[in-house]
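Next up: just one chain, as C-alpha cells, the form predicted on its own.
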Amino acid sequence: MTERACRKCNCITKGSVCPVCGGASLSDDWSGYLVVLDPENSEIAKRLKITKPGKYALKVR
C-alpha cells in the first residue's frame, strides 16, 4: 500500500483515514517530506501549524 497525504493537515499515512485530524480526503499526489519529532520545540512545525509528531507532506495536490 502506498503512502497518501491528508488534504487537510498534510499528514502522511498508509491508512484510509488521517491519524492526526481524522479526515478521509487523502491524495496520492504529494511532494516533499517532513518528519516532526518534537512539534513544541520545532520552528518549522510552528510555521506550518503542526501540533502532533509524525510524517508530513510539504505540498498536497
Partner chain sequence: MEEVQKPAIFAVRSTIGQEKNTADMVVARTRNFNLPIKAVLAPPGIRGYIFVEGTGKTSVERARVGIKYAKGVASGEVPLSEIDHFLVPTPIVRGLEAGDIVELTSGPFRGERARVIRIDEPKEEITIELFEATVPIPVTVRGDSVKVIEKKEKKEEGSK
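Residue numbers count along the first chain shown, from 1. Please read these numbers as outputs of a predicted model, since none were measured by experiment.
Omitted from view is the form predicted in complex with its partner chain, to which the following refers.
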| property | result |
| --- | --- |
| Exercise: Asp28 in contact with its partner chain in the predicted bound form, heavy atom 4.5 Å | no |
| Residue contact check: Cys21 to its partner chain in the predicted bound form, 4.5 Å heavy atom | no |
| Touches its partner chain in the predicted bound form: Ser42 (any heavy atom, 4.5 Å) | yes |
| Contact test in the predicted bound form: Lys8 vs its partner chain, heavy atoms, 4.5 Å | no |
| Partner contacts for 33-61, taking its partner chain in the predicted bound form and a 4.5 Å heavy atom cut-off | Tyr33, Leu34, Val35, Val36, Leu37, Asp38, Asn41, Ser42, Glu43, Ile44, Arg47, Leu48, Lys55, Leu58, Lys59, Arg61 |
